[in-house]
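Quick heads-up: it's one chain on its own, the form predicted on its own, in structure tokens.
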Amino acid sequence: MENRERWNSRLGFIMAAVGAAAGLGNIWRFPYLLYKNGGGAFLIPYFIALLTAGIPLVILEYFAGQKTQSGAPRAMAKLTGKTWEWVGWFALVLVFLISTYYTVIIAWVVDHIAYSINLAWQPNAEVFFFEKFLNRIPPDQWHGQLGNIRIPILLGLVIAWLAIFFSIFKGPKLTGKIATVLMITPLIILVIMVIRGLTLPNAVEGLKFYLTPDFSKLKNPQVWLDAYGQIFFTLSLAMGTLIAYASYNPPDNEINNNAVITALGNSSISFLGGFAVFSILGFLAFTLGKPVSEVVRSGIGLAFVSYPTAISKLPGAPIWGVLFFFMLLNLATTSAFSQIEGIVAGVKDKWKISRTLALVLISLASFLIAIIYTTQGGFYWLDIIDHYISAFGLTLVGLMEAILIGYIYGTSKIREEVNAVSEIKIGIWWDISVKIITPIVLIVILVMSVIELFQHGYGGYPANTIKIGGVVYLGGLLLAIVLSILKGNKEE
């Protein structure tokens, strides 16, 4: 058995795992989904999804990493046979692609911390972000071209990568300490922002849009699929991250309780984030003389348009701007370095090279590709690649992971082993979740995504750019298979 790196403490592991799960989506996606899918009523399918898919899959991935003391590719090989090692590599190829554009979003956040000082986005945050900051090629003029590199974004990207590199270059002992700081800090800021938001005019009206239950929405199957999709993606499942993180625990470390803490910790941040988002959206609607429904946005539009617009109307606006984007920076950085750590673990396992060399090679390659997204046309490519990876790639990996490990290694055997080391015991419901519920849900999500793509395309983009999805998956799949069969040094 190799002398594997270890976490500095259980707290460090849990904070890193929660940090991997809790990212930008907790602030800019979950609150919008809750609002769109029936307010408080959405919590019913959300927590059912958490109990029947989220926590079971976190347990599965913690077991895979801890049992095999390996990253995702070698864990798949040990649990399901050498034939399926490529599934682990496919996950890491997809995560590598995610790292190339996720770090660019971090660069946007870094730049906006500086812009907050003088509220550079005034008087129109939308015009500032898309036309001045991104200097985006107009949608009707974009046909796949990149355009010029935006120097402020490139500089932000350098800062983002330095933060990621120095967070994990010493291994999990240092990473656990940094993750603890990076998770406690945004939580404190989030609580401060919630308190401030609740004191604003019309905040209650915003929270009504967020929480008022509409139980009729639960009749819509899409609402349930949204709940399962949110749980699957927000917990960083099928990315190799949790497997790698768990591999740095001793083989007899607690599993079930850690999984519950990770999942509930992530959900708590999401739910709390909704109070910060909708209280200030209620205030924004009040200042603009519009109903809340007209100012609600999700994703990039919320973080870089709606929220900055509202912040600029607050007393002491620069301080609130810096706090908001600093919070996003902390959340995004913990997610980003978890992505890289999963890849580093896989590469080290296969080729027995040093952490430093693996990290330098992976970081440099990701940084160079990321430059594409710093260009005037980079925003569109970012959107397209992200859609394909999220809607098809990770869903496929998660499906195969549940089926292969669940059926080949056996859920009953896994359940017996994790119960032997855990405070909380899981029952037969766990087997059903991993072998039946999760695969069925992921297959439905995958099939519906394919149907939607063929019927409507995506985002109105030119057809030739949509074909990039095929290139991503064929290329990623072939690379994964090649990596799987390449002969590195003799494995134990």
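Treat the numbers as computed from the prediction; the structure is a model and nothing was measured. Start at 1 with the first residue shown and count on from there.
Another form exists, predicted in complex with a small molecule; not displayed. Remarks below refer to it.
- This chain is drawn without the small molecule; in the model of the complex, the residue among 161, 286, 320, 233 with a heavy atom within 4.5 Å of it is 233.
- Taking a 4.5 Å heavy atom cutoff to the small molecule in the model of the complex, the contact residue among 193, 157, 95, 259 is 95.
- The shortest heavy atom separation between residue 338 and the small molecule in the model of the complex is within 4.5 Å.
- Proximity of residue 102 to the small molecule in the model of the complex falls within the 4.5 Å heavy atom cutoff.
- In the model of the complex, at least one heavy atom of residue 21 sits within 4.5 Å of the small molecule.
- Within this chain, residue 26 lines the site of the small molecule in the model of the complex, having a heavy atom no more than 4.5 Å away.
- The stretch that touches the small molecule in the model of the complex, counting heavy atoms within 4.5 Å, is 234-242, out of 234-242, 397-405, 349-357, 205-213.
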